[in-house]
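Shown here is one chain on its own, the form predicted alone, set out as structure tokens.
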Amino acid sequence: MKKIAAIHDLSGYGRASLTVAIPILSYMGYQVCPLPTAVLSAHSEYEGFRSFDLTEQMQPIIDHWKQLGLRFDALYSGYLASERQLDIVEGFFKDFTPEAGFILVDPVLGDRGRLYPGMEERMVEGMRRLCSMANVITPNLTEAAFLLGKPMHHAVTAAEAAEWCVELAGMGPEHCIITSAPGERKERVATLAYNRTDGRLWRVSCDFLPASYPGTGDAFASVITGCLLNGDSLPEALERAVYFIQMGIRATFGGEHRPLDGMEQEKVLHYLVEPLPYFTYELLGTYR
């Protein structure tokens, strides 16, 4: 069984980070080995949440893993709480790089045109370093802009988002994926993926639903990790991840559910292993 080291925070309540990643990757047949960055009473969008920083515990955990001689098939990082954690994870990547070189970085920095509280420029710079060590990165449109130093004071066009996806490859990753990108029509949302090896840029589009749930980005990156580690092509992995999120949102949106509780992914885990009913991915072109 392949092992994945997952570097995320852990929320006691609300579906986000490890409480999203572990069930998804376990259902896909992987052993998830968590390296927690913080423990939260509930995820950070709940008012008055309590947070317990685990920076001081991260390196001792890593040192013990070294003593045990552990090796992982994939390294997967998400939310990091401080510059020091960025340094710790950078060292972890160097010490534990898998033989196949699979490192996925979900550069959690912000959304809706703004950085999250506490995410200053130094955190952005540190995340750029981690992205340069990864072979897959999964920023949303806002995070892509900050990684590239682009302004977010205007409505980004579909063509600009595609250019950003290709430009991110200049940082080093083989696969660059941007979520929450503008679609070809106003009522559509796109996810873009660029393969630096063959120069092909892919797009999967879906209908916009007026719903927002914490943790969907974590779920998306987790599915991408599982699919690529399984040997799926980039557009296949993209299709599976978008389909899973779309079905999860639809299953949640139709019921009586507090949006803060997150997407009810438990209802749709079976879609992770069932044959996809269709393929909609498009090749937008080849960029060198």
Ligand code: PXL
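These numbers come from a predicted model, not from an experiment. One-based numbering along the sequence shown.
Same protein, other form: the form predicted together with the ligand, not shown, and the subject of what follows.
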query: Selected contact from 93, 102, 202, 79, since only one has a non-hydrogen atom within 4.5 angstroms of the ligand in the predicted complex; finding: 79
query: Interface residue in the predicted complex among 98, 215, 173, 182, criterion: non-hydrogen atom within 4.5 angstroms of the ligand; finding: 215
query: Candidate stretches 21-29, 6-14, 275-283, 262-270 - the one whose heavy atoms come within 4.5 Å of the ligand in the predicted complex; finding: 6-14
query: Close approach of residue 108 to the ligand in the predicted complex, 4.5 Å, heavy atom; finding: yes
query: The ligand contact at residue 53 in the predicted complex, heavy atom, 4.5 Å; finding: no
query: Contact of residue 40 with the ligand in the predicted complex (heavy atom, 4.5 Å); finding: yes
query: Interface membership of residue 252, the ligand in the predicted complex, 4.5 Å heavy atom rule; finding: no
query: Partner contacts in the predicted complex for 42-72 (non-hydrogen atom within 4.5 angstroms of the ligand); finding: 43, 44, 45
